[in-house]
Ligand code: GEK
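Single chain ahead, by itself, as structure tokens, in the form predicted alone.
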């Protein structure tokens, strides 16, 4: 097994907006583990949820699949026959590494390089947006979620994981402090934390949890719930109810 490359990008990068380029792809596995509290548990539960909701002869979508961690979580959770997993990402650098990572998947995986807003979903029983929607412009998020709902089977679920914000100023500041303390505990310096925060401004746009649930309802999902939260990182489940 190859050693995971350590993320030291922000000891060097100054002022550039964050992009999923070749440099990020090389260290992304380390970056996300050390930047998103609870990320490993989120992947484990994606596998569990796939085991419960993947339907026979259906498709499972990982939208914004990056290096394929969620894709493989889906693959290892599936318990029924005839499923196909579709991973979509707009970064060529990410997909090149993802292609290698999913070679040992126990379920058929198709990877597509495209903007997830261009994808027509069909026959889906499980859809994952794992820290992806936050990079889509706010005014375009509802359209995407409506298209996801339209392409899902009844009885299917959407797993939506996001960095979130809080309307209460004190709560917002407390969660920022906690998150930055988490990153420093993972070995990031004050300088790295500051530079990465600056690079993500106007690139990653978080919203309150309530805004996500309201949008999911507006998209057609009959039920939604928050199943996980660690500081300002949340994962939700949205259900397309059986008719």
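Since the structure is predicted, the reported quantities are computational estimates derived from the model, not experimental observations. Positions refer to the first chain, counted from 1.
Although not depicted, the form predicted in complex with the ligand is the subject of the following passage.
- In the predicted complex, the ligand lies within 4.5 Å of some heavy atom of residue 20.
- The closest non-hydrogen atom of residue 65 lies within 4.5 Å of the ligand in the predicted complex.
- Using a 4.5 angstroms threshold between heavy atoms, residue 135 counts as touching the ligand in the predicted complex.
- Under a 4.5 angstroms non-hydrogen atom cutoff, the ligand in the predicted complex has residue 131 among its neighbouring residues.
- Taken together, the three residues 91, 94 and 115 all lie with some non-hydrogen atom within 4.5 angstroms of the ligand in the predicted complex.
- Residue-level contacts in the predicted complex: of 32, 176, 45, 205, one residue has a heavy atom within 4.5 Å of the ligand, and it is 32.
- Of the candidate stretches 82-90, 101-109, 167-175, 146-154, only 82-90 has residues whose heavy atoms lie within 4.5 Å of the ligand in the predicted complex.
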